[in-house]
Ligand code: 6PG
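A single chain, nothing else alongside it, follows as structure tokens in the form predicted on its own.
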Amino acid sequence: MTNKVQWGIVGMGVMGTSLSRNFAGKGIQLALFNRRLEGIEEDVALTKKHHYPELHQAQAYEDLVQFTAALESPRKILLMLPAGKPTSLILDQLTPLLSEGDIVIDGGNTHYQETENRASKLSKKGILFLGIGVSGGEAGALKGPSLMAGGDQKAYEIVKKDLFQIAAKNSKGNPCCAYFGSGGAGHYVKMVHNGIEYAEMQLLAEVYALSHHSKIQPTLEEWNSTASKSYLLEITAALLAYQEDNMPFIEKIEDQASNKGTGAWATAAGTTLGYPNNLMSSALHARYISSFKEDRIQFAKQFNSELSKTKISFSELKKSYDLSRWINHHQGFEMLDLAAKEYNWKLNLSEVASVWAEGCIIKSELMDFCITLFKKEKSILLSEDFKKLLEEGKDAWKNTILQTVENEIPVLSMQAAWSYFVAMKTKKSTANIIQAQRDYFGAHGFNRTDQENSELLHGPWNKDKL
């Protein structure tokens, strides 16, 4: 009889395979499962077992009954499948084979509300469910990912020792893995991570656009040795170094960006909270605009005129980039803080920063700094560090925005950061006009500044309309 093993992993795609190798490399015994589709997917788990030395001792299956029978009790099963229907299908097949107290973990990019529903459904059968956001891509999954857990806390306490083994370690030596609350908390944190990631990527794309591409590659390498250091800055500098036919290889790539939906989820989640996460939404909309290639070509023919080049120094550009990034991180963390209160989750912002400080796509010097910052501050923008950054860079930031307007260069995220900052420091907004308009056409009512209002009041126009 085959010996029982400690973990089962379902899905031998890129991420599932890399995580399996990571687990096995730490001495954790595995059972691997991948579906069989004749002529399409055959012997996938077995092939991976033979191909990678770390997996030689793993057991490979194409039959779920045999797979679940190979696991010690309580079973610990990690699903690494595309979100949505593929995950639901496997869960439907897997659930009848499980026993009370078994643990199922969804490590895919699943919407947090779907995770909430699955956790509730499985708990009625006595099955413990975790939704864990996994960040770091293929390399991170293999060498140490960032793991954001949510769901049944009892299940987390059982599996966290093994998760700590495979997770990345931050500069303080702590595993980049934490439990953030019940239901979909882990996948919510991963969704916000991806929203921040969208804006970080877009800001770097805008830096490239504003540099006229002149000497930007070595400049970005220099920036990465400063407090601006980040994984995304590092890889952007690296990819810009590639040449083909005496021109940057980047210029041969079609300018239409794809997305897998998490940016849209993050934008919508901000709307649900009533939170102005406009950097996430601006980055998402920049991708959407890029997809309308034929329209952009027609509009360019119709409306473009000859413009002079911007006069923005690399020093000014860096200050503008840094301030925009701080706004982006502020919005992400503030959104998490609001969500924790709304959904009654155990989110500690310093702990979130610790999980994001290594192993994930948005790891950076700034994220490492946020670990300490959130132990004593509640807001990035009210910190003395941001005030100092603003004092040194505000004029450069303003000039950059002015230059983009004068030269008609689209920088949706950098302008969103500036607009958010200016709006947030404006004591008296224009919302009184909005409230008056709403009352005029819909009698929605408003509060007065010169009266204590126990109920909503109406304007004098209401009498004239009757």
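When you see a residue number, it is the position in the sequence shown, counting from 1. Only a predicted model underlies this, so the values are computations on that prediction, with no experimental measurement involved.
Keep in mind that the form predicted in complex with this ligand is missing from the display, and what follows is about it.
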Subject >> this ligand in the model of the complex reached by all of Ser281, Met335 and Ser413, non-hydrogen atom within 4.5 Å >> reply: no
Subject >> in the model of the complex, segment of 93 to 101, 304 to 312, 136 to 144, 154 to 162 with a heavy atom within 4.5 Å of this ligand >> reply: 136 to 144
Subject >> Heavy atom within 4.5 Å of this ligand in the model of the complex - the one residue of Lys319, His193, Arg118, Lys76 that qualifies >> reply: His193
Subject >> Of Ile361, Ala205, Leu349, Ala396, the one that lies within 4.5 Å of this ligand in the model of the complex (heavy atoms) >> reply: Ile361
Original post:
Are any of the heavy atoms in Ser291 no more than 4.5 Å from a heavy atom of this ligand in the model of the complex?
Top reply: no
**OP:** Indicate whether His330 is a 4.5 Å heavy atom neighbour of this ligand in the model of the complex.
**Re:** no
**OP:** Answer for Arg287 alone: is it within 4.5 Å of this ligand in the model of the complex, judged on heavy atom distances?
**Re:** yes
Original post:
Looking at the partner-bound form in the model of the complex, is Pro276 within 4.5 Å of this ligand by any heavy atom?
Top reply: no
Subject >> Residues in 78 to 109 with any heavy atom within 4.5 Å of this ligand in the model of the complex >> reply: Asn109
